[in-house]
Structures are given as structure tokens and as C-alpha cells.
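Two forms, one protein chain; C-alpha cells for each follow separately as structure 1 and structure 2.
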Structure 1
Amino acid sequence: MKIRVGVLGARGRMGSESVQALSNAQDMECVAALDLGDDLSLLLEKKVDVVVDFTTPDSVMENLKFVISNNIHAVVGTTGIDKTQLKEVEELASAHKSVGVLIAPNFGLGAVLAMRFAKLAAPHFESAEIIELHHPAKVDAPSGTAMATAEIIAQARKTAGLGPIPDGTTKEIAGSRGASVEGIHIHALRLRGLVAHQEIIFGDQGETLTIRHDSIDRSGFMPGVLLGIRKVASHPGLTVGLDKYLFLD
């Protein structure tokens, strides 16, 4: 039996790509493609098993409340969800124990691996910074992927007993050193012609290491999205990060 999927944000870049990917998948079908202003009750009418959400930070929480409350699994690629909202989703999912919710900052399998490589490298270098590069229509900065990567690096450094990253800056124009997430600086570029790209740069005496991932086309995210759809029902509760489904931890 095919997995019945509903896509929220279906007219957006990632949503429309998801609808196309679903049309080519043998084991699932898109039975509801909704966008801003559409009635979520259509998800119930179409007996949707899994919802894919690529909407906006302003609407994703209300979508999740509806979906989880109606015992529909959710695969969420919308970025900009903060820790308070994650806690709210976790509590809601715990009240509906059969429901699986995957929130992933990035569905690119290469991006997931790049974050894992960064975790491995972090304890061995004194310095680390992140450059993330996206198209100018992206609404959040830094990207969810960059923030997740910074948190991974910071935790790996803490576990290894490393101190603060050296930075002798005493005079600067505000913002010139980027944002700081748990002590890791992130620099966000927004340029026409880009899709989604990230560089993680580590430095130590006499050497640097750069880990870079490039999403050339949004179709590259689709294997990860389909993987999430296939596995979310077997992972009740909230899961943050596609790596958990890849058994990388």
C-alpha cells in the first residue's frame, strides 16, 4: 500500500520539488498539495499518512499543531524553528505517542555527512568558523543548517575540553564578525544564482581544513525527503536531524 502524502507549501520552491519527487516514487503518492490559505481539513479528507512541510516560520507551528493533533506524521524542512518551538513540538508529540515528527535543518545527504565530518574534526582544531551561502529569497539568517552545524561543533569542542576560540578583535563595525552561535561565528551570504551552500573552516597552527557542501539544484534534497517520509512512522516522537534516520549516532 502506498504512503499517502500531503505537501504544505506546495507552490514554493521546495514544496513543488517535493510534489514532483512524489510523482516519481513507486511507494508513495501526493494526495494533497496545499499552500497559503488552503484548508488543512483537506488532509483529513484525503486520509493523509504523512505531511511534508516546506512553509515559513510564521505558519509551521500552527500546521504542526493541526497535523499532530490529528495523528498525522510530519516531515518538516521549514527552517527558523527555535528551541522554544522545538520544545513545544516535543510536548505535543509526546501527547500523541503514535505520531512521528522529523524536523531536519537540511535534507541533503551530503550536508548531513558534512555536519558529521565537522563533529569529527572539531576537537582537533583551535579555530572554527562557518560561511553559509544562499539565494536572496531565503527569509532566515543564519540558515538552520549553519546553526545546527555550529551547535554540533560547539558540543564537540566542549566534550573535548577545548576553551574559547581565539579572537583578538577589539574594534569592529557591527556585524563584521558575523553571528555567534555558542561561540562559533557564522557569516551569511545572500546572492542571486546560489541555491544552498556551506563552508566549515577549521584552523590550527600551520594548517586549515575546509569542509564544503554545495546544493546545485533542489532536486538534490529529494532523496532525503523521501527517506524521511518512509521512516517517520517508525520513529514516534520528535526527531531533530536526518542523521538520526541514517543511524549515524
Structure 2
Amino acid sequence: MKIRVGVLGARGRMGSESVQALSNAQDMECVAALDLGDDLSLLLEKKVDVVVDFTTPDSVMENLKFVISNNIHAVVGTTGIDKTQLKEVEELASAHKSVGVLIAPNFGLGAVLAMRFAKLAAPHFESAEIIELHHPAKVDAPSGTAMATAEIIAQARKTAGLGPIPDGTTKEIAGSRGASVEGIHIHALRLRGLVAHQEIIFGDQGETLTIRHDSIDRSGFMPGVLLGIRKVASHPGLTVGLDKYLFLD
């Protein structure tokens, strides 16, 4: 039997991608595609099992209250949910013990895997640096993903008892060694023709290990969304981050 999915924010960029992706999936179907102003009770009429929410920070909490209290699972990609709201969702979920809620800031499986690999590799290499490459319209540098990756590497090094990364630089033109985030150097490139790319390089005596992730299309997030839909029912309570569904710790 197919999973019955409702998409909230169905006319937005990620929402419409989700509707499209659902139409190609064999084990699930989109039975309700709602956007601003549509009545949520349609989710009950259509007997929706899982809701996908790509709306706004303003709408998402109302949606989740309705959905959770009606025992519908939720996969949430809406960004901008703060810690107070997370706590509120957690309480809602604890009152409906069978309901699973996944809130994920990034549904790109490649990015999630790359960060996991970084965590696993970090304890075994003396050196680590990050290069991220994006289109020139991006306003922030480094990218949020690069910063998160640096924090993961820094934490894994600390846990493993590694000291500072060796760096003999004594004569430097400002900026050439990148930005240091918790001791991990990040280099941000901005070039026309790129989309979103990241390279994590680990080095030790005689060898290097490089993890590269290239994302060239928003459709790259869809396998992660579908994975979330498939697994949310078997993960009751609130889960933050898609990686929790992929790895045990």
C-alpha cells in the first residue's frame, strides 16, 4: 500500500519539486497539495499519512499543531525554526507518542553523507581544510554547510585528542589562508557557472583523502525528502537532521 502524502507549500519552489518527485515515486503518492489559504482539513478527508512542509516560519507552527494532533507524521524542510519553536514541537509530539516529526535543514543526501564522512575521517588525519565553491550571487561566505562541517571536524579532532593543525606560514598576504572556524580553515570561491560545491581535504604523511560534493540542481534534495517520508513513521517523536535516519549515533 502506498504512503499517502500531503504537501504544504505546494506552489513554492521546494513544494512543487516535492509534488513532482512524488509523482515519480512508486511507493507513495501525493493525495493533497495545499498552499497558503487552503483548508488543512483536506488532509483528514484524504487520509494523509505523512505531511511534507515547505512553507514559512510563520505558517509552520500552526501546520504542525494541526498535523500532530491529528496523528499525521511530518517531514519539515521549512527553515528558520528557532529553539523555542523546536521545544514546542517536541512537547506536541510527546503528547502524541506514535507520531514522527522530522525537521531537517538540509535534505541533500550528498551533503549529509559528506558531513558524516568528515566526522569519521577527522580523527585519523593530522590536517584538514575545507573549500566551498558557489555561484557569485551568494551573499554569505563561507557557506552554512562549510561552517557546520568545520564544527563537526573540530569536535571530532577534540574528542580524538588531536592538537592544532600544523601550519608553518610566517609570511602571508591577508586572507590567503582562508577563514578559521574553530581552527579549521575554510576557503570560499565564487565563480560564474558554479552552483553549490564543497571539498573537504584531509592530509597525513604520504596520503590525502578528499570528499567532494557537487550539487547542481534543486532536484538533488528530493531523494532525501522521499527518504524522510519513508522513514518518519518508524521514528516517533521529534528528530532534527536527516542524518539521524541514516546513522545510529
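In this text the structure is predicted, and so the values were computed from the model without any measurement. Numbering for residues begins at 1 and runs along the sequence of structure 1. In this text, the rigid core denotes the largest set of C-alpha atoms whose superposition between the two forms falls within 1.5 Å.
Here the chain appears twice, and structure 1 is the form predicted alone. Each of residue 205 and residue 235 is carried by its own rigid part as the chain changes shape between structure 1 and structure 2.
Comparing forms between structure 1 and structure 2, one finds the smaller rigid domain rotated against the larger by 36 degrees. Fit the two forms on the rigid core and the C-alpha of residue 114 turns out 3.8 Å off between structure 1 and structure 2.
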